[in-house]
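A single chain, nothing else alongside it, follows as structure tokens in the form predicted on its own.
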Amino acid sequence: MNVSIGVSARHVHVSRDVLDVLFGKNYVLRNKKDLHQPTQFAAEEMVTIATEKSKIENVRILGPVRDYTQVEISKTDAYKLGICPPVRDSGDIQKSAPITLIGPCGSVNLKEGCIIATRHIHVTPQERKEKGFDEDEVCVKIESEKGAILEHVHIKEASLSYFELHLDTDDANALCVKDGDICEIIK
């Protein structure tokens, strides 16, 4: 079974209270570009993520506003920042790495919230049933110049989903793949 690849660059999801500090009270994110996942978009707004060691500027916020604030980076970013965030599913931020967010109106020091996202496939409950995903993980075969078989690819189920494999930039670069390339789920 085939699935398209979506490359997920470093980004930030923000809660209402954090957005208010970074950009001002009742600030509204502006949609720069819709993403494949329904209701989600790349916002015009960007922030700086920082640690005591280093910083990365112009990190895009993804909308809409969420119930929690989370920073998703690659392992390469983590080396630059001098931190060791856990590899986790999005939303699993408890006891994750600390990081500071800097916006035009203020900054927020997160005690936790920085992760490296797991490789995952977005799927609706109906698609999961139709495609026979009985387990929470699958294997994926990438055929490219540097092809590989990826294990521990999580199935991420949500009622509003676009069927797509998400890889971070480190994985995509290592495998020589890009947005829209096709790979095979081999279970």
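Start at 1 with the first residue shown and count on from there. Owing to the predicted nature of the structure, the values given are computational and were not obtained by experimental measurement.
Heads up, the form predicted together with a further copy of the same chain isn't pictured, but that's what we're talking about next.
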Answer with one of Ile149, Ala50, Val28, Met46: the residue that has a non-hydrogen atom within 4.5 Å of a further copy of the same chain in the predicted complex.
Ile149
Counting any non-hydrogen atom inside 4.5 Å, which residue from Lys32, Lys141, Lys55, Arg128 sits next to a further copy of the same chain in the predicted complex?
Lys141
Would you confirm whether the three residues Thr76, Tyr79 and Glu145 all fall within 4.5 Å of a further copy of the same chain in the predicted complex, going by non-hydrogen atoms?
yes
Of these, 128-136, 33-41, 150-158, 55-63, which stretch puts a heavy atom within 4.5 angstroms of a further copy of the same chain in the predicted complex?
150-158
Is Cys176 one of the residues lying within 4.5 Å of a further copy of the same chain in the predicted complex, judged by heavy atom distances?
yes
is_contact(Arg119, a further copy of the same chain) in the predicted complex, heavy atom dist at most 4.5 Å
yes
Proximity of Asp168 to a further copy of the same chain in the predicted complex, heavy atoms at 4.5 Å
yes
Can any non-hydrogen atom of Cys105 be found within 4.5 angstroms of a further copy of the same chain in the predicted complex?
no
